[in-house]
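Only one chain is shown below, in structure tokens, and it's the form predicted on its own.
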């Protein structure tokens, strides 16, 4: 018989080991599941985690790694700041969608004009749209004590309806033969988010993700606001005595994470997605929560975790094509990863001891 004994302080070794163990456990559990389904587990794991980088299809898959990782890293960087303060933004998917809609709206309003100002204006509009959507749960929490978890999550579904309304109504392509969806922004040079270096997959969203990682590191380790965030997360009552204003912190964290998610939505709308449709939401906002926790809420960890989760997207698609695995493969892996991460994370706060019986 065993029991869990609380540690006097969190184990630094387990904090580092937990993400690695979660990834290994996910591979083992996923391989077992594939074997039960009648597939070769080693071939499936190799296809998902190895072939996209080193396999025959790597020439196509490697550039896609940055394309998939950029929005995850950008969104997770903002979420991690709030999570460190105990402010739980679960609705980044909605902020991502609204950012894509507001950013695309600027381009469509300017069409067919040309000018270097259009794309920066789109980025600003995307950030402001995400910020405004993130401020709704912030204001409701500050004014009425509403749970930002529930409010931000419910706003995801509102955002999906807004995107659908735009795709069928105000933003519908007049030359689209009646099909829902906006104009293709990739075909509008002033509004497109193209590949900056041929063959790399790097677009402006990748640049923004890299800047977000550096800015997050500076904020959390070198700025007084980062000290306030850490203090609020570790000891909320003590933080108030240190001069931290909880309402200001709530607005800052939810607004910032919303702005970064909105920018990610704009870069996706102007780049890989190309247009606003009723299915614009990709799930990046929810997957970014896994990225944030897998990266231990640290900028470098988020960078690595974002690349890993992007690998599961690409590998899952490759496994569907080559091994005929189900389309839900990616979601299964991501769900397992979060499950094992939360399970192993228990060991950072507790140690296993033998239960002594009389």
Partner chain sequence: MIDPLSVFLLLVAAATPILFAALGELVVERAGVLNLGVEGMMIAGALSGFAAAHATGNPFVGFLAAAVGGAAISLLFALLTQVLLANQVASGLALTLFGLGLAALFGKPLEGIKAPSMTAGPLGISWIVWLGLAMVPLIWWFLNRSRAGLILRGVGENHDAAHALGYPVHLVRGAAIAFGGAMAGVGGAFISIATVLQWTEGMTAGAGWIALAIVVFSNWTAVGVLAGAWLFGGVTVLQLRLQAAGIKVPVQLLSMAPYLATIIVLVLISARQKFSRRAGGAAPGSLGQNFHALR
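Between two forms, the rigid core is defined as the largest C-alpha subset superposing within 1.5 Å. Predicted model only: the values in this text are computed from it and were never measured. Numbering follows the first chain given and starts at 1.
Keep in mind the form predicted together with its partner chain is missing from the figure; the text below concerns it.
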Practice problem: Work out which of the listed stretches, 258-266, 161-169, 236-244, 121-129, brings a heavy atom within 4.5 angstroms of its partner chain in the predicted bound form. | Solution: 161-169
Quiz item: Using heavy atoms and a 4.5 Å limit, would one call residue 342 a contact residue for its partner chain in the predicted bound form?
Solution: yes
Practice problem: Answer for residue 18 alone: is it within 4.5 Å of its partner chain in the predicted bound form, judged on heavy atom distances? | Solution: no
Quiz item: With the cut-off set at 4.5 Å between non-hydrogen atoms, does residue 353 touch its partner chain in the predicted bound form?
Solution: no
Practice problem: Please check if residue 35 has a heavy atom lying within 4.5 Å of any heavy atom of its partner chain in the predicted bound form. | Solution: no
Quiz prompt | Site check 206, 223 and 348: each within 4.5 Å of its partner chain in the predicted bound form by heavy atom | solution = no
Quiz prompt | Residue (of 231, 110, 251, 154) lying close to its partner chain in the predicted bound form, criterion heavy atoms within 4.5 Å | solution = 154
Quiz item: Can you name the residues of 209-235 that have a non-hydrogen atom within 4.5 angstroms of its partner chain in the predicted bound form?
Solution: none
Quiz item: For residue 39, is the CA shift between this form and the one not shown at least 2 Å following rigid-core superposition?
Solution: yes
Quiz item: Do you see a C-alpha shift of 2 Å or more at residue 304 between this form and the one not shown, with the core held fixed?
Solution: no
Quiz item: If you line up the core, does residue 30 shift 2 angstroms or more at its C-alpha between this form and the one not shown?
Solution: yes
